[in-house]
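Next comes just one chain, in structure tokens: the form predicted on its own.
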């Protein structure tokens, strides 16, 4: 399992540094110090490697979710965590932006991105529904539409070029969105 995680992390780092077009499986293998056959043992296709990268990235996003506390507190913690990731993990936004842009031209990547978006949006909608029941957000707001808006806001931040993606701007955008929801 450790070797598999090393390969995923190497692919993630290369995606962040070189973009999707610069991601070569031979470079991933070399970065970890294994041959290409070893990489293919763990990831028979580039799509499976990308699924691993997306899983790693989503793990970072899941780290912003706290299972304890009232739904409103969980929602505030999620927003705070997203702002933290924008500041401390800019590569995450670069990687997800690369994949979002590639999704328009690659059916397999598009399917992966849509699956992630659907899962994330459903989780957010459920959290927003619970927060609305406790009075932590505007009850007239549709949780599914709010979840879609949050995902779209972050996806918009993902696709900006890294030099145009100021973590302070992402922070302000997320704080504004949070205020509009509350």
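Computed from a predicted structure; not experimentally measured. Positions refer to the first chain, counted from 1. Take the two forms, superpose them, and find the largest set of C-alpha atoms that agree within 1.5 Å; that set is the rigid core.
What follows is about the form predicted in complex with the DNA, which we do not show.
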Note: exactly one of 58, 123, 34, 141 sits with a heavy atom within 4.5 Å of the DNA in the model of the complex, namely 34
In the model of the complex, the residue from 40, 62, 129, 155 with a non-hydrogen atom within 4.5 Å of the DNA is 40
Spell out, yes or no, whether the shortest heavy atom distance between residue 174 and the DNA in the model of the complex is within 4.5 Å. no
Any chance residue 69 has a heavy atom within 4.5 Å of the DNA in the model of the complex? no
Would you check, heavy atoms only and a 4.5 Å threshold, whether residue 46 touches the DNA in the model of the complex?
yes
| With a 4.5 Å heavy atom cut-off, would you call residue 23 a contact of the DNA in the model of the complex? | yes
Given 130 to 138, 23 to 31, 144 to 152, 114 to 122, the stretch touching the DNA in the model of the complex at heavy atoms within 4.5 Å is 23 to 31
Quiz item: Quick one: once the rigid core is lined up, does residue 152 have its C-alpha move by 2 Å or more between the shown form and the other one?
Solution: no
| field | Flag for residue 114, CA shift 2 Å or larger between the shown form and the other one after aligning core | value | no
_Flag for residue 128, CA shift 2 Å or larger between the shown form and the other one after aligning core_ = no
